[in-house]
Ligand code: GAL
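Taking the form predicted alone, here's one chain by itself in structure tokens.
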């Protein structure tokens, strides 16, 4: 039985920083960095090449052909190199007639392409939604590729990417996809982080084991550096990147790094390799996080709550606003009551210390665009 992976995928994708400027040396050196910096040991295992990797036209037999100028050794050799590092190799295609960057896509070639990917040693497929024929429902197109992948002779994680369109929440799990893009594309700025995350509040019932809501790739550490000017729009502070990472983690989104990992700052490494935050993202039950809004500032201040498999909770208290704000969570709102002598002992996932046990709730003043992320254990008070 091919279950592949029931928790959110973790890895690195080439698109956010490098866009179409990709080649085998970039992929090899990025794989080297994942290992040497300890990212592999932290859980990041997929090295994924995005759009623009193939020739503009299929080969004489209808096969996808890797661009020999970018990948002179071929995709099988690249996959072997990545596998030799103890990592997994991912590639990109699209459900439409062309990819988003106008390269050959997999419409009407699903089984042929899946067999090609399997022969190359592919472990992960990001499957986009551009140039989709208007007369064919998206659920049919994703079911086609799912059938092809499940019968290609190799386990391949299926990462659907239709940006939350066409009521995807209602049907995506039926397609067999392991994750699905539930938002539009991310940009490297705080406004984009806030917009994408808030768009998913209330949709926590649609994410879970084997089919995770994907809020798009991480921008942590990009600092405005990208070959794509639309993505590199402003950059964020290290504090904003830490909040972004905390929110993606507690929501259960796949954690796919988008920066140039070969040139990360110490602050970026600290954020991306925080084992306490990653543990929340990788919790075995894969519960979605729900929102408890701040009573007097509900649009900007809130606590995201994620039930954990050990009986506790993850709590992310976040201030989206531009001024300091009180953020409080009443434990009644998450199912605990002090009348029965139950409270929470809180562990701060960023300072890595216990801050005490609390009976009725917890409150703090949070700086603009910042958060506090806790792991709470139910205790007698």
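Numbering follows the first chain given and starts at 1. Predicted model, so just to flag it, every value in this text is computed and none were measured.
Only in words, not in the display: the form predicted in complex with beta-D-galactopyranose, which the text now covers.
J.: Work out which of the listed stretches, 77-85, 92-100, 257-265, 284-292, brings a heavy atom within 4.5 angstroms of beta-D-galactopyranose in the predicted complex.
T.: Partner-contacting stretch among the options: 92-100.
J.: Name the residue from 306, 126, 244, 212 that puts a heavy atom within 4.5 Å of beta-D-galactopyranose in the predicted complex.
T.: Result of the distance check: 126.
J.: In the predicted complex, which of the listed residues (185, 204, 276, 240) lies with a heavy atom within 4.5 Å of beta-D-galactopyranose?
T.: None of the other options qualify; the answer is 185.
J.: Report yes if any heavy atom of residue 130 sits within 4.5 Å of a heavy atom of beta-D-galactopyranose in the predicted complex; otherwise report no.
T.: Yes, residue 130 sits close enough to beta-D-galactopyranose in the predicted complex that at least one of its heavy atoms falls within 4.5 Å.
J.: Consider residue 197 of the chain shown here, and say whether it contacts beta-D-galactopyranose in the predicted complex, taking contact as heavy atoms within 4.5 Å.
T.: Residue 197: no, not in contact with beta-D-galactopyranose in the predicted complex.
J.: I'd like to know if residue 15 sits close to beta-D-galactopyranose in the predicted complex, meaning any non-hydrogen atom pair within 4.5 angstroms.
T.: Looking in the predicted complex, residue contacts with beta-D-galactopyranose include residue 15, since a heavy atom lies within 4.5 Å.
J.: May I ask you to check whether residue 178 falls inside a 4.5 Å heavy atom distance of beta-D-galactopyranose in the predicted complex?
T.: No.
J.: Just to make sure I understand: among 23-56, which residues lie within 4.5 Å of beta-D-galactopyranose in the predicted complex, judging by heavy atoms?
T.: The stretch touches the partner through 50, 51.
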